[in-house]
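First come two forms of one protein chain, each written alone as structure tokens, so that there is a structure 1 and a structure 2.
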Structure 1
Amino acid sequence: MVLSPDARWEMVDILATRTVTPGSYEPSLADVAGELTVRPLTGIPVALAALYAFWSIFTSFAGTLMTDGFMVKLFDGYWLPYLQSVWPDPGSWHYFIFVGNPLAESSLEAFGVLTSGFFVSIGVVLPAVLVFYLTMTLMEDSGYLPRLAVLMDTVLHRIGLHGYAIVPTILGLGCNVPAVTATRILETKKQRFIMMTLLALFIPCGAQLGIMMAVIPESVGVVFLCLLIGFGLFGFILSRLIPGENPEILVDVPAYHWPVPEYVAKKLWNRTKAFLKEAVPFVLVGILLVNLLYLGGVIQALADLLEPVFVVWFGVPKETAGPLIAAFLRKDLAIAQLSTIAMTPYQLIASVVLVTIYFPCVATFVVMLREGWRQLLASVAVLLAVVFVYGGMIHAIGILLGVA
């Protein structure tokens, strides 16, 4: 016998009437304040403030203190000059691969395995991921994340998802790999497909965010706006094109409480350890492969082949072909590479958006494959279409505004 949702709720009511005896309850200030955080009128300002604090802590700690304050000085002042002085034969292939450009004055521009590779993974990504996971864990363990899910439910239902899609979305801002795994929290195949595709397309990971903050700090807001509009627009289209259900879910919202430091530390350690195990080797191997492709002339050949698409359709220089290929290995590296190409502010913003919405990095690709090859192929088809359409749209808007 199949019961309709209404019949099920009636059964719940009957069972509750028979088994639950309501007692008197005196709510506390924290209870009522907690309830205000799930009501749209008061909850949306709180969500705006929480996300503001999230981003502000991220930029202050990872950007100002760790990367700009210590890591840039360490890598550009000591590590890069040391390698440039001791590594033999600046004109050789091994110098190009491991140290990079002999005239580079910063580790970000050198693009060698031992220079940019270590700077990006240790100097930029590690502090960014550490502080991201700390704030994420605090939100989770204090009980705010389930409230955010309740609050976002109405909005996310419009793009075929439900409130708990906020978990992989926020997780994706740290790393898309665990975020793709977290899409299992969603109930139907349709929801999982939409979430996975939107994650791969419009959610930049912590590594990308760290690099964006270092390379284009003044344009991060505009890039985010482009990604947010794309997330809503293509989510709305996908939810209408893809057949399937978008069911309601029942959520038990826990009371607010102080996070237990021991649990926070344990979660932080496990998440950061897992990220580092995957990220650092990928960064180093990524630079190695990209440098080999440059040496073999493959990147130049691809740049020539794809020139009409890049220059005419997307409005960016043909040199961005190299970073776009690097983006498949590591998107953070690709953004670092973009910073060394001479571009107008519009071209820089457009190419950073393109790198973000372009193919997911290879680690995310592998995890998506684990979720099913059919879903992966469908996601890739959607990705290609969206990159082409959205990239063209941004160029068209740029032309209309007179900036492209």
Structure 2
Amino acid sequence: MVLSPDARWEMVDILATRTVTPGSYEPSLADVAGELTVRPLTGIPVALAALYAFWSIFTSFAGTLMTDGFMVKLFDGYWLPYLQSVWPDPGSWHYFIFVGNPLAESSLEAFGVLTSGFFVSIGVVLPAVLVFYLTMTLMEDSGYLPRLAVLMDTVLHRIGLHGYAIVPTILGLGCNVPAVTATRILETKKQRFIMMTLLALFIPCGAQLGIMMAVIPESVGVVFLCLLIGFGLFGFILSRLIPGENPEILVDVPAYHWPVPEYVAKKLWNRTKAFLKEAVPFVLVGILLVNLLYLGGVIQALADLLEPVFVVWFGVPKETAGPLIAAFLRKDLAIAQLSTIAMTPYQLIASVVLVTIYFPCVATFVVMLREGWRQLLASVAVLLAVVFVYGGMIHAIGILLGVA
């Protein structure tokens, strides 16, 4: 017997009537909260409040309490004077490499492997990374992150992405390495390429954020504004230039629930352990390499060669060549090095933006290579073009405003 579609639906209605008993639905407080955080009218203020809370905790705990209140006193009051007193021959090459400037009064300015190397990685970056990973874990495990993805879907569609691109974006604020891997959750090659390129260009990692708070605390907002504008502008351009599809988001949003402390602690430990194993050696090797290049005259030769580009096009001192080389190893290290160069406030902000949007650090570079060498080469070509164009635009705006 062959049934028509209408007959099939009639049979379904009969079966449903006999087997399903309708009940009443009483939404819980978690259901109401979940609904309110995905609606733009109420969800956007909640997202802004969450962002403000995160930033307040980040600056007060990582910056003011841990770094300024404890680590600076430890490293500048005890560790640096101890090394300066026991290390022999302040005029030697080994003193320059491992202790740094013999006249430095702070570990950040000394720029030696054992002074700035340990202060940047342990004294500044570690507290910042701890706060960031704890906040992100709580957002993940409470169920807020999928709702944020739904909320951001409309905005991110305008730059060729969908709402789940918020996951690698937030991960990138901790470390770009897992963020590049997380781009695999996006559905098309176009989305993955745009996200990977924007991550390498405009998303500073937690280590950079921590060192920015230590070096230019009053100008972090301006740097973020430059990066946010660049993220939207070049994302919009890339979405128009790159062929491919941008499908709608389809995501299962779980109910809100309290994070399990054991799981939070385990995630926090694993992520922090990975940071310590990866970041600390890179910072120490980075300072060692840059100091060797300084001693060999390579940094000075590069600075002289690239002076027209740095001074005329970007409006920053030619000495920025050294930090840009260090940035390939660790961008937080490069920003710390910028603080030792004499610059105007505009030049310092422009230099920090350049270091951020310049080539990705070597760890991110390796992960991007795993995603495919063609994508990597295409991303590098876009990176070079964006650095040149956007760096010039920032300088032009600085001239128009009379600050450059």
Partner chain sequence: MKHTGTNRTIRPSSPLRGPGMVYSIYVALLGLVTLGFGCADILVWAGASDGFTWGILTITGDDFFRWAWGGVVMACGGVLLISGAAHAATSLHQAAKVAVGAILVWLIAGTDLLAMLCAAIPADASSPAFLNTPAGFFAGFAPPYTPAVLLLPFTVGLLLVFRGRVRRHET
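Computed from a predicted model, the values in this text were never measured in an experiment. Rigid core here is just the name for the largest C-alpha set that superposes within 1.5 Å across the two forms. Every residue number counts along structure 1's sequence, beginning with 1.
- Shown second, as structure 2, is the form predicted on its own.
- Fitting the two forms on the rigid core leaves the C-alpha of residue 388 displaced by under 2 angstroms between structures 1 and 2.
- Residue 399 is not among the residues whose C-alpha shifts by 2 Å or more between structures 1 and 2 once the rigid core is aligned; its shift stays under 2 Å.
- Once the two forms are overlaid on the core, residue 24 shows a Cα shift of 3.0 Å between structures 1 and 2.
- On rigid-core superposition between structures 1 and 2, the C-alpha of residue 11 is found to move 17.5 angstrom.
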